[in-house]
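Only one chain is given next, in C-alpha cells, and it is the form predicted alone.
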C-alpha cells in the first residue's frame, strides 16, 4: 500500500504536467481536442490522491512504523481518531492532504464550469494545475510521507500531546479548505486577465467558490480560537500568534473582495479593485502557508524547519510577478468609465471598506513578518507583541463596524433624504447604548465600540424588518423572513454574518478588557477569592490517561448560590517527556471561570492560575451564527441548478434592486442599471437554446398561463 501511495503521488504530478502542457498548446493553437484532453487529465490527480491518502491512512491504522512519518506522528497507544488526524499532524502528511483537497477543487471546478463557462475554464484550469503541480512536487520530491526507515522502531512517538484534542480533528481540515479553496477564484481571475474577459462573468462563475473559501477560513479561525481556549491553558483564545495572523490576513483581504465584488456585479465598478483583491487573497494565503511550513517563525502551530522554504519563496515570487504583471498589462482594460456618483452611497461605503480592510491586513502582515525582517537586517529578532496589534485593530475595527451599519441603509448611486432618515432609529439606539455604557463603564474606547455596535445592530435588524414587510405585505414578519431567505439568500445571509461579527465583538470586548486573573499557591483546605467567586482547594487526585499519567486538582467554587467544582488536569507524556496542562472551565452567558493546575508538590501543595473571563460564550455564539450566515448566503437556490451562473446573477440583480427600491417596483433607470446582467443572461440563454420556439404548438401549461388573468409579473418572469 505504501509503494502504491508513493507511486500515486508521482503519477498525479505527471498528470498535472501533461495537463498543463496540453492545455497551453491547445489554447495557443486553438485545438479543441487538446483542450478537452487537458481538462480530462486534470481531473485524474483527485482520484490518484484518494489512493495516496488511503495508503497513508492504512499505514497509520496498522501501525506501520517502517514509515518515518508514522513513527513520528502515531503510536500503538494513540486513540483511533487521533491516528486518523495524524494524516495532517505532520509536515509531509498535511502537504499530501492539502494537495488532495486542492485536486478535489480542480476536479469540481472543471466539472462545474467546462460547459457553462467554456471560454474561461481552460485558462483557469491551466492556472489550477500549475499551482497543484507545485504542491505535488513538494510531496513527491521533498516531503514524502512514504519514506521508509532502515531500522523501524518497535513503537512510534505519537502525536504532539497538544494535538491530542478534538480540535485537531476538525480545525485543520476546515482551515485547509479555506486556504486551498481560494485557488479557484484566483485561477478564474487569471483566466479573465489572459482572455480579456474582464466583465463580471468570472465573478458570477466563482461567487460561491469565494464565499465557501472565505467562510471556511473564518470558521477555521474561530475553531482555532476555541481549540486554543480549551487546550493551551493561558486563559485566552487569540494571542496574535504568527500562525493565527497568517490565517487572519487572507480572511481580511477576502472580506474586502467579497464586498467589493458586489459593486462590480451591480454597478460595473471596482474592476481593478477586485482583480487586485483576489490576487492578494491568494497570495497572502500562500504567504501564510510559507510562514507556517518554512520554520522561519517561532510558534506552537508551526512545523519544524524544512528545506521547502526556499522552493516556496521562489513559487511566491513567480506567482506575484505573473499575477501583478498581468494586472499591469491589462490596466487600461481594467479601468472603468463609470465613477462614483457620491461617496454617500453604498459604493462609497464599500470603497472605504476596501481601504480599511487592506490597511488592517497590511498592518497585521508587517507585524507578523517584522521579526524576520529585523533579523535579516540587523541580526536580531525583534518580536511584535499584542499591544501593537491591539492599538491598530481597535480603532480600525470600530470604523469598520460603523460602516457595516451605514452600508446596510445606504442605497446605490447616492443617498436620498429618505434613506438618511431611515438611519434615525439606529442612531438613536446607538446613542442610548453609548450613554448607558458611559455611565457604567467609563472607558472611552469601550463606550465608542458599544455605541457603534448598537447602531449597526439596529440598522441590520431594521433592514430585516423592511425586507420582511416588503416580501410579505400585510402578513406576519416571520412569513416575510422565510420568503426573504428563500429568494434573497446571499443578501440576508450576509446580514446574518454581520450580526455574528457584532455578537463576537461584544464577547471579545468583555473577555479581553475586563478579564480578571490570579495566580495562587495553596495547600488543601485553603481558600482564595477572585472576582465574585470564593474558591477552596480540596486536594489532588491521580489517574491514567491514554499515553500519559494524569493529576487533577479539585477546586470547589462558591458563587453565592449553588457551588460547583473545577478539576484542572495536568498530564505527563513519557514518550515526549512533556507535561501538559488542561484547563477546567465553567461557562455561562455571563462569564467563564477558567482554572489550570500549573504545578504541584508531593505534600499536595499546588499552584493554580485562575481567570474570570466575562462574556466569552458570546464569541462562540457569534461563531455559530457566522457559520449559519455563510451557509445561507452560499446555499444554491433551486433555480441555479437549472440555469447558468450568469442567468442566476441577473435574477438576483433584479431582486436586489427591488429590495433597494422603497416600494419594490423597478423603474426604467433600474433596468438600465441591471442591463449588463440581463444582456449576458439573454446571450447565455441563446447559447443554450433555452428560449421556446414561438411556432411550437402550445402545451396545456402554456395555454393555461395564456388564459390566466393579468397580474404583476414576478422577478423571475421579468428576467425571462
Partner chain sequence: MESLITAPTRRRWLRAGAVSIVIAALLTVFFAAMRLQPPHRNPQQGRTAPVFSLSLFDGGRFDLAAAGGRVVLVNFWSSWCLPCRDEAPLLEATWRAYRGNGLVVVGVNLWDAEHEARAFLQRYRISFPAGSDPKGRTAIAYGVAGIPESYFVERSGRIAVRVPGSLTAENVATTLASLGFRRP
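Residue numbers count along the first chain shown, from 1. Bear in mind that the values here come from a model prediction, so they are computed numbers and not experimental data.
Not pictured, yet referred to below: the form predicted in complex with the partner chain.
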Handout entry: Single option in 142, 328, 80, 482 placed near the partner chain in the predicted bound form, where near means a heavy atom within 4.5 Å
Key = 328
Handout entry: One residue of 283, 133, 551, 195 in contact with the partner chain, assessed in the predicted bound form (non-hydrogen atom, 4.5 angstroms)
Key = 195
Exercise for the section: Report yes if any heavy atom of residue 603 sits within 4.5 Å of a heavy atom of the partner chain in the predicted bound form; otherwise report no. Expected result: no
Exercise for the section: Check whether residue 380 has any heavy atom within 4.5 Å of a heavy atom of the partner chain in the predicted bound form, and answer yes or no. Expected result: yes
Exercise for the section: Mark residue 578 yes when one of its heavy atoms lies within 4.5 Å of a heavy atom of the partner chain in the predicted bound form, and no otherwise. Expected result: yes
Exercise for the section: Report yes if any heavy atom of residue 108 sits within 4.5 Å of a heavy atom of the partner chain in the predicted bound form; otherwise report no. Expected result: no
Exercise for the section: Quick one: find which of 195-203, 538-546, 498-506, 133-141 has residues within 4.5 Å of the partner chain in the predicted bound form by heavy atom distance. Expected result: 195-203
Handout entry: Those residues of 15-36 which, in the predicted bound form, come within 4.5 Å of the partner chain by heavy atom
Key = 27, 28
